[in-house]
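Just the one chain here, laid out as structure tokens, in the form predicted on its own.
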Amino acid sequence: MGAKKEFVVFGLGRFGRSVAATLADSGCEVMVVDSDADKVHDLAETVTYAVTADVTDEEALEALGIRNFDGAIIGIGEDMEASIMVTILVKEMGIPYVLAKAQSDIHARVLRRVGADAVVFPEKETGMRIAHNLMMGNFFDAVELSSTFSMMELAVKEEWIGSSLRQLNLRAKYKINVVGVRTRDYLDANPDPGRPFEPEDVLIVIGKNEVLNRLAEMR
């Protein structure tokens, strides 16, 4: 068994609580941080660490010791300034994946500009679904199509670089269907089966959850 994934959740509104509790139930190490002591106390027995702190205080964030965590969830929505500040600070600390809650399209655009890897609108997506997506290996976006099948983003593996879809024959080897290839900001929904993969390519694939999880964990 590998080491447990570690997440920190900032902001314990309905969204933050739901994500934190679901991640904890899934076996992850979870730290929650909020300036409201009552909200922190309510989750203290559910998560690994529960801390009352000013999330916009850089020194307070440094003291949490979260630099080596796998991901951060910014559940602060109403206070746009605090949301943006925490996003900047945790990215500067080197946390590899930051998912932030947005209240508006403008808020979402700013969050992406300052480094958020993903932005969600909780009115449209439940905290439980987001937590499940986080568990889908390497934090790639995933969309459940059924209880056993999903569509997700999958970074091109090192051994696939320079080979084409036709050469790799991923459908036969892994029973997955490649429905698109994203390179930087361009999505090709009808990829050329003879085009060699490049290091920046990300595949949009559909397959069984256990297969996708296994592929996502491959280096």
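Heads up: residue numbers just count along the shown sequence, starting at 1. Note that this is a predicted model, so its numbers are computed, not measured.
Unshown form predicted in complex with a small molecule; subsequent notes refer to it.
Heavy atoms within 4.5 Å of the small molecule in the predicted complex belong, among the stretches 62-70, 33-41, 155-163, 174-182, to residues of 33-41. The shortest heavy atom separation between Glu58 and the small molecule in the predicted complex exceeds 4.5 Å. Contact check for Gly11: a heavy atom falls within 4.5 Å of the small molecule in the predicted complex.
For the chain shown alone, Met151 is not a contact residue for the small molecule in the predicted complex, no non-hydrogen atom being within 4.5 angstroms. A residue is said to contact a partner when one of its heavy atoms sits within 4.5 Å of a partner heavy atom; Ala82 meets this definition for the small molecule in the predicted complex.
Here is the short version: of Ala116, Ile76, Val90, Val120, the single residue with a heavy atom within 4.5 Å of the small molecule in the predicted complex is Ile76.
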